[in-house]
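Next up is one chain by itself, shown in structure tokens, the form predicted alone.
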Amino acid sequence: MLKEGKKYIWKDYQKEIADNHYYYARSCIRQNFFPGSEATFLRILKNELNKDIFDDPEHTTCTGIGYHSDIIPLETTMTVVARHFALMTAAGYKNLVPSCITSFGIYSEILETWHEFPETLEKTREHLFKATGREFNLPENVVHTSDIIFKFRDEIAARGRFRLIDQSTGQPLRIVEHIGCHYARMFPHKGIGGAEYPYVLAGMVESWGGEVIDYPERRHCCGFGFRQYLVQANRGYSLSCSRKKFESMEPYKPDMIITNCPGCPYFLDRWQYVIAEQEGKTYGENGQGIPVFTYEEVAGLVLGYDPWDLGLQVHQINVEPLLDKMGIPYNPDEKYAGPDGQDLGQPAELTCMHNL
């Protein structure tokens, strides 16, 4: 295909991403799973890119997990989301940037619903005003935080101290990217590249020097799926989904997995630990697992942030082999130290995983 033809087709898979002045919507589970990632995102936006981003302490959950688990009705979720928009409006912002892709999907679904059924928007305005006395404007731009890092990926690369390169060989690191289901599958036009060619993470990897590895189960679910895990009897199915991905990617010898969903890095990280404990099976080199990262953590490594400030010590799969490959310095004695230097204690090592 001619280059011009490719550009013409690819334009349908782009999205508008505001340049500045963002209202930040935190994720309820990311703050618990990977709190360092959200802190790193704000650090990059404010300190590296000099962007205006408002982290509102009054923001709450979008109710996404409850909604998708059939615990909270859509009308209630709409009213909660309307309150978020009211907070954004009161703060003087128009560009909404949620940290969670489930929230991103919720906002997208509700805005689409209000567009197709205007009467539901008016009913939600009435519910919100009766409950809180607040009014709201609709956001002009809604993008996920990974879209923001993607937009400024080249600026981050230019400011970076490290590349996604194996320092011993000079070769690009082999990286598996995993896109969360709620990013572009429900509303393909909302994600960069759509559901067919999602490029939001691949673009980061390529800009930062790595090589994106394709494999058969690249678009398979990580196994979270809310009902797959929240119902205890279903957790075997959740584990089997992740295991299917690991078995599929193993022959390609990836150096890391990069994700853009709150649940995906948690499950792809933790389930490797479970499989190692149950079966004595590991999928990485030298008896280790394959380290799993959020895109903010990878951006932070490229920028030269301290790995423990990024929160990499809370991962189940050791990250040190990847840090060594990239030539990133770290102090092993500080891995499990608290803010004031106190020893927080070390987790037990699995016998089937080699100690570092």
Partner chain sequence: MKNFGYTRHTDRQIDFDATDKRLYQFVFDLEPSINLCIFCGTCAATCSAGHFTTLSFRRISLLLRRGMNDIVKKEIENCMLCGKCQLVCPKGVNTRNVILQIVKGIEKYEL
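Numbering follows the first chain given and starts at 1. All figures in this text were calculated on a predicted structure; none of them were measured in a lab.
Absent from the display: the form predicted in complex with its partner chain. The rest refers to it.
Peer 1: From the list Val80, Ile165, Cys221, Leu87, which entry has a heavy atom within 4.5 Å of its partner chain in the model of the complex?
Peer 2: Looking at the other structure, the residue within range turns out to be Cys221.
Peer 1: Give me the residue from Asp269, Asp147, Glu109, Asp255 that has a heavy atom within 4.5 Å of its partner chain in the model of the complex.
Peer 2: Residue within 4.5 Å of the partner: Glu109.
Peer 1: Heavy atoms within 4.5 Å of its partner chain in the model of the complex: which stretch in 299-307, 66-74, 28-36, 49-57 meets that?
Peer 2: In the other structure, the partner sits against 66-74.
Peer 1: Is its partner chain in the model of the complex close enough to Cys181, Arg185 and Gly225 that every residue in that trio has a heavy atom within 4.5 angstroms of it?
Peer 2: Answer is yes for this spot.
Peer 1: Ser240: heavy atom within 4.5 Å of its partner chain in the model of the complex?
Peer 2: Output for Ser240 is yes: heavy atoms within 4.5 Å of its partner chain.
Peer 1: Considering non-hydrogen atoms and a 4.5 Å limit, does its partner chain approach Lys244 in the model of the complex?
Peer 2: Because a heavy atom of Lys244 falls inside 4.5 Å of its partner chain in the model of the complex, the answer is yes.
Peer 1: Is Ala202 part of the interface with its partner chain in the model of the complex - any heavy atom within 4.5 Å?
Peer 2: No, Ala202 is distant from the partner.
Peer 1: Taking the shortest heavy atom distance, is Ala276 within 4.5 Å of its partner chain in the model of the complex?
Peer 2: Although its partner chain is absent here, Ala276 would stay clear of it in the model of the complex, with no heavy atoms inside 4.5 Å.
Peer 1: Does anything in 193-213 come within 4.5 Å of its partner chain in the model of the complex by heavy atoms, and if so which residues, in order?
Peer 2: Heavy-atom contacts to its partner chain in the model of the complex: Ala195, Glu196.
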